[in-house]
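One chain comes next, on its own, written out as structure tokens in the form predicted on its own.
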């Protein structure tokens, strides 16, 4: 787990948040030093008890459950590589993984790890939920939201669900009067929200994200998803791809951006009669999938091919100051309002 600090939350700093994603779980809390975040990989690995001695020697934290050892977080990915295994993830395509019987127990451990203890009993904790995917109506958002709420409650907090893309708007558009389009490009989904003066005009998600990019690019060039993910995180420049693998990633990134923009146009058409955008507004991008090199410039290039179709004017495209922490920080702003 990585963290900017170890916050010992004084009672005067009440309100906390947690962004629960397919790849990362990020919490945010206000402390004497300002807003501080804690992050852990949303992954786990189960090992045979025979690995216990090696883990103790290496100083890796683990849990014992029944006849197996359980490693969670960033270390799960590192140890998976050592043993040539695949780390498992509690979430799949942005929602609870239906086939992972250990998912709920692991999520509880990870969420507790980043949240810590409440500053007071039933402290407000805003947690992220995606909007319903417009291209996968069978995906169960209600169950996902309810289970995550129960886990946060069991950690000692009062759980309040909140839309993750709106959190991007809250955190990044104060200078724009809290007006803009927030897009969270995650691993499992891409979430979109449009707001004017804090009022939500529309929100939706599409069931495509970083995992979809990795799978498509890997299939196109006969590689693996793990290899594609490593290339993304290793410093690819989408505006200047080198080699077949990077070119495949750029093709799928372009397709994802086009697909998202086309769905913004289609979904806005449904609310046009009830919601007006009186002035040009920014598009603000966040999420782990947006951290590939050159993403903002690449997004702007794709936007130019779709700009005339958008039913509102875009003032600018900008990247969140902290793409991984923006959602948690936007949720925190809402949690703090509970006490002010």
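Residue numbers count along the first chain shown, from 1. Worth saying up front: this structure is predicted, and the values here are computed from it rather than measured.
What comes next is about the form predicted together with a small molecule, which does not appear here.
Taking the partner from elsewhere, no residue among 17, 149 and 335 has a non-hydrogen atom within 4.5 angstroms of the small molecule in the predicted bound form. In terms of contact with the small molecule in the predicted bound form, the residue from 154, 233, 140, 258 that brings a heavy atom within 4.5 Å is 233. With the partner omitted here, the residue from 245, 176, 123, 211 that has a non-hydrogen atom within 4.5 angstroms of the small molecule in the predicted bound form is 211. Of the stretches 65-73, 284-292, 268-276, 46-54, only 284-292 has residues with a heavy atom within 4.5 Å of the small molecule in the predicted bound form.
Contact check for residue 168: every heavy atom lies farther than 4.5 Å from the small molecule in the predicted bound form. Residue contact check for residue 186: one or more of its heavy atoms lie within 4.5 Å of the small molecule in the predicted bound form. Residue 94 belongs to the set of residues with a heavy atom inside 4.5 Å of the small molecule in the predicted bound form. Proximity of residue 22 to the small molecule in the predicted bound form: non-hydrogen atoms within 4.5 Å are present.
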